[in-house]
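Okay, so here's just one chain, in structure tokens, the form predicted alone.
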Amino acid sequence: MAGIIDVPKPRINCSMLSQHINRPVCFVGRVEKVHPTGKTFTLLDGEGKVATVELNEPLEEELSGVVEVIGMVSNKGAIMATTYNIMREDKGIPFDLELYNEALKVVHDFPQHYPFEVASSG
């Protein structure tokens, strides 16, 4: 069985979490708050809504800025992270979460043109 990293996963925002329960997803947001234990943090999406991310192990680095999380959406609507990637905002060019959110809407409104969720044949 392929791991979560190897399978196609939709990019989503907070309003799409409930449609992806128990499914792998990719979520991009700006770090709002890190829990003192380092095992959970919250991200703001391009609409300013909050998503909770839960980790198996505490963070070993400072987390700030824009982060891409790959994980499974739990029954509670939290993202159970498998991995995350801090998106460096080099050269003074900030990541535009609002524009990213607009792109997400286009991808989800026109799935026939953006077939990212490919059915696997076995």
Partner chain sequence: MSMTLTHGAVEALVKGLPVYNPVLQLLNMRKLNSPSGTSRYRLMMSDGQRSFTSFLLDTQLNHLAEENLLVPNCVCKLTKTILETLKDGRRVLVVTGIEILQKAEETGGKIGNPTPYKADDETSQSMDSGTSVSEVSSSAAVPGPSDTNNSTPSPRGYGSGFGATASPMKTSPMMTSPMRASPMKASPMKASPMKTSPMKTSPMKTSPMKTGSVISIAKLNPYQTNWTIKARVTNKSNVRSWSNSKGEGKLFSFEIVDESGEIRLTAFNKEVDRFFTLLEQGKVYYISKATVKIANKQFNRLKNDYEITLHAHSSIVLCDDSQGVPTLHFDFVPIAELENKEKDTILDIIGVCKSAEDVSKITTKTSREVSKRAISLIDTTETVVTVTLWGEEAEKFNCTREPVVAIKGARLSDFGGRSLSTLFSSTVMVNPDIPEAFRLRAWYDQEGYAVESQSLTYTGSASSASRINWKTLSDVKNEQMGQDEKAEYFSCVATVVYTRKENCLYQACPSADCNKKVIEQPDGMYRCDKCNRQFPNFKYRLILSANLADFGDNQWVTCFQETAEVLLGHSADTLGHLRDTDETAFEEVFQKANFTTHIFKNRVKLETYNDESRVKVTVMEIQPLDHREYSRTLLRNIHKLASST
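Source: prediction; values computed, not measured. Residue numbers count along the first chain shown, from 1.
Although it is not shown, the form predicted in complex with the partner chain is what the next lines describe.
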* Is residue 103 close to the partner chain in the predicted bound form, meaning a heavy atom pair under 4.5 Å apart or at it? -> yes
* **the partner chain contact in the predicted bound form: residue 71, any heavy atom under 4.5 Å** => no
* **Contact flag, residue 36 vs the partner chain in the predicted bound form, heavy atom cut 4.5 Å** => no
* To do: Mark residue 54 yes when one of its heavy atoms lies within 4.5 Å of a heavy atom of the partner chain in the predicted bound form, and no otherwise.
  => no
* Asked: Would the partner chain in the predicted bound form be within 4.5 angstroms of a non-hydrogen atom of every residue among 21, 77 and 84?
  -> no
* Asked: Counting only non-hydrogen atoms, which stretch in 36 to 44, 22 to 30, 63 to 71, 91 to 99 is within 4.5 Å of the partner chain in the predicted bound form?
  -> 91 to 99
